[in-house]
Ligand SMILES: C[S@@+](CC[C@H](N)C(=O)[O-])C[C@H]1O[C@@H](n2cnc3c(N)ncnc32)[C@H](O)[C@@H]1O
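In the form predicted on its own, a lone chain appears below as structure tokens.
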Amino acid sequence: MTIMTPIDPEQSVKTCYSTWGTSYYDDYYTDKAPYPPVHRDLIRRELQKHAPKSLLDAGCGPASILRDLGDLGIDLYGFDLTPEMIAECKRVMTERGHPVERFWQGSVTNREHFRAPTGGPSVFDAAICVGVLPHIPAEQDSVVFKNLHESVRPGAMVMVEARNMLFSLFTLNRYSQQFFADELLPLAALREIAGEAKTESVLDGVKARFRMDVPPVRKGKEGEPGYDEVLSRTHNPLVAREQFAAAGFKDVEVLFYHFHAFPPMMQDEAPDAFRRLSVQMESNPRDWRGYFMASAFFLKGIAA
């Protein structure tokens, strides 16, 4: 689902995140977060399985993930599109003893930006990409996957995070209506056969079945565009898995996270149970129910 497609997605995304540099980690990775950062723990577990010597975080933000991986004995590298984010990343990581030249500004759509500008390995033992794919135009997905593949050695593990399009079938809100209209209904053929008026009647009927007032559109903090006001796509995990494999990855898995034990607009009916049951579901990222009950997923693959 795309709320808005700006003319220059990268510039709009940089503007959106420009006010989040110093607060993003506290907002989403600490006790202040509305939900535990289960995806960070999932990444840690997979890294511990594969034991890489070096790791590239493509779209590292303010070192949201990297700052908590220092105990694994991995050489950590990262870049981010937003100047304010990478400035905070450099501050945080240098305070933890990591060389400042390992962190730089760059775009995941540019292959040259996957190399540190002042040295470092030409390829890495592992790579992750978190919170980036939603902001990439659809025609650039394959470019990003290919860039990640070329940035690591053969046999390296790569994990890419995306928002789950199929979760819309579970939310029963405006996301569901958009999914029906954008992905499922043969609207062009319906218009040709039944006409515009009947087509609009069908769309109105679908819309009436869902809560169109939720979730609220996320706005910016200081007048900048918010998350839902820039390009913020979801991905179909079934399709994305095929695209990832086509980019040169083998043994591709879909690992789900941020489960919802029941439709999120009903969580106020039993908030404690909703949170406890949802967190319990995080123990199995391969649970098939994740296709519908998890709002996000990782593609994990090994570079061939």
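Just so we're clear, the structure is a prediction, and the values are computed from it rather than from any experiment. So that there is no doubt, residue numbering starts at 1 and follows the sequence shown.
Although not depicted, the form predicted in complex with the ligand is the subject of the following passage.
Residues E10, G106 and V132 are all found to lie within 4.5 Å of the ligand in the predicted bound form, as judged by heavy atom distances.
A residue is said to contact a partner when one of its heavy atoms sits within 4.5 Å of a partner heavy atom; Q177 fails this definition for the ligand in the predicted bound form, lying far away. Contact annotation for L56: none of its heavy atoms lies within 4.5 Å of the ligand in the predicted bound form. Taking non-hydrogen atoms only, F274 never approaches the ligand to within 4.5 angstroms in the predicted bound form.
At the 4.5 Å threshold, heavy atoms of A247 stay clear of the ligand in the predicted bound form, well away from it. Judged by heavy atoms within 4.5 Å of the ligand in the predicted bound form, the contact stretch among the candidates 260 to 268, 62 to 70, 275 to 283, 235 to 243 is 62 to 70. Comment: the ligand is not present in this chain, but in the predicted bound form one of M159, L76, V152, L81 has a heavy atom within 4.5 Å of it, namely L81. Of the residues given (V230, I136, L166, A126), I136 alone sits with a heavy atom within 4.5 Å of the ligand in the predicted bound form.
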